[in-house]
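What follows is a single chain, given as structure tokens, in the form predicted alone.
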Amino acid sequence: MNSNAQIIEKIREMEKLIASGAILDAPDNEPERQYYFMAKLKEYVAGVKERLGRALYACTKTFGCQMNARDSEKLEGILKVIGYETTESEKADFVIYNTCTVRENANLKVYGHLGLLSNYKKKNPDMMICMCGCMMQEEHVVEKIKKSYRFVDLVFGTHNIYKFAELLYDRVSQNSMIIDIWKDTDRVVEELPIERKFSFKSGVNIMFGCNNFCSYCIVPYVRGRERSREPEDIIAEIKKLAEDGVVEIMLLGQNVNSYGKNLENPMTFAQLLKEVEKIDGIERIRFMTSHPKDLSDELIEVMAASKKICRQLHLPVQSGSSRILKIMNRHYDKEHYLKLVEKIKKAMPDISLSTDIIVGFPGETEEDFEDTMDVVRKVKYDSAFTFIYSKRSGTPAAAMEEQIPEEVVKERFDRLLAEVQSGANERTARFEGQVKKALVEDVNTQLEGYVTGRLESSMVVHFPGDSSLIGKIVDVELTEAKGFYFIGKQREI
């Protein structure tokens, strides 16, 4: 795994080969093929800048999960290589919407943003708009874009993100909308530029796709089947990140617990973690998401023995009702989940647990909902992401009868939220007065003279400090618990 600097040097070498006439056509092998198109795009962008007499700016808006955020870093890396500068303004010369489709609200939000872009593009004819990500894997979405948003320049999905440079070159060459959606892929292309959001922490994809087919979830249909990266590629990437000053990594996958099953030489997720732990310079290891059905005793043992793996685990329960869990196709029941939590807490009494919960799944009765409330009371999560069920076309749950009335769902959701917050407040308070290590992530924009750090539990703490602390892990006394965050002060130990 090469560093960004080495990848950029390879692209420069490709430019020289093209200029000398040694290479006339794009290579067939990857990633060299993409280097060819990046080199060609650099020439194109330089020409546009010269014609306009100014720099060109690109804005990337990411909707959804950490997987999407990591994908956006790859897209931004390519845009930077070909000559764009980064901006937060959607009035930019190039705008990417990396979309999510887990819930209907995410789709509606994207359409709302697109309406604004139409006006911006009328004022800037050189502006280009790219739509990618999970939402683009749905046929009805692509049809709507083709019909109602003809000003969009480039549309692609989740499986061919590595071809961004090639697709963009097709767009500027043909001067027409390019749409390239793959149904699935078994390809994992390495060695592409990445523009990281943080210098001190980074996500690392260890696998792509999902094989679980939970009845409410669109992800397997838009992200494809599970495919794991080779462990040596993952380790090489993390070593490069460590050399570049990264101290915390987040291992990413739709279900990290099933990592390695499809490799030619299978490796468990726990075994991968042990290899990652050996890497000098990496001080914190996180991962998500964990499916309860695949969380092994081996993983619990590795976490408990580790000095680098954070004592924090995101363990989505979705529902506390065994009946609903069966209809959801989750492959565990309430009793299994609670026994798993008990086992985890026995091995790691200081563990911080978070979860996902869906309210209003089709057919959910008051008794089913009370089972969920019972799980929340017993587990006492440090935090929970609570969602009202969102019907996603193409999933089995969307066709189920007994869709729950909105007013019933809203009342249950409010009760659940109150219970989650009560338990989280109790959990947070247990740390008050203790000294914990915090990775300083930013200067606090609300409290003058303060910085914001993240604890091992993933909770945040605000304490006096300045920008010189960013990227450092420091000892902080948690002087006051404020529900979902702390106020503290740095301690010299």
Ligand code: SAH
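In case it trips you up, residue 1 is the first one in the sequence shown, and so on. All values reported here derive from a predicted model rather than from experimental measurement.
This next part talks about the form predicted together with S-adenosyl-L-homocysteine, which is not shown.
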Handout entry: Segment that reaches S-adenosyl-L-homocysteine in the predicted bound form - one of 243-251, 149-157, 315-323, 81-89, heavy atoms within 4.5 Å
Key = 315-323
Problem - Whether 4, 30 and 74 all lie within 4.5 angstroms of S-adenosyl-L-homocysteine in the predicted bound form by heavy atom - result: no
Fill in the blank from the handout: Note: exactly one of 130, 303, 217, 207 sits with a heavy atom within 4.5 Å of S-adenosyl-L-homocysteine in the predicted bound form, namely 217
Completion exercise
The one option of 120, 389, 200, 413 with any heavy atom within 4.5 Å of S-adenosyl-L-homocysteine in the predicted bound form is 389
Handout entry: 4.5 Å heavy atom contact, residue 167 to S-adenosyl-L-homocysteine in the predicted bound form
Key = no
Exercise for the section: Answer with yes or no whether residue 184 is in contact with S-adenosyl-L-homocysteine in the predicted bound form, where contact means some heavy atom within 4.5 Å. Expected result: no
Problem - Residue contact check: residue 234 to S-adenosyl-L-homocysteine in the predicted bound form, 4.5 Å heavy atom - result: no
Practice task
Answer for residue 289 alone: is it within 4.5 Å of S-adenosyl-L-homocysteine in the predicted bound form, judged on heavy atom distances?
Solution key: yes
Exercise for the section: Heavy atoms within 4.5 Å of S-adenosyl-L-homocysteine in the predicted bound form is the criterion; list the residues of 319-355 that meet it. Expected result: 330
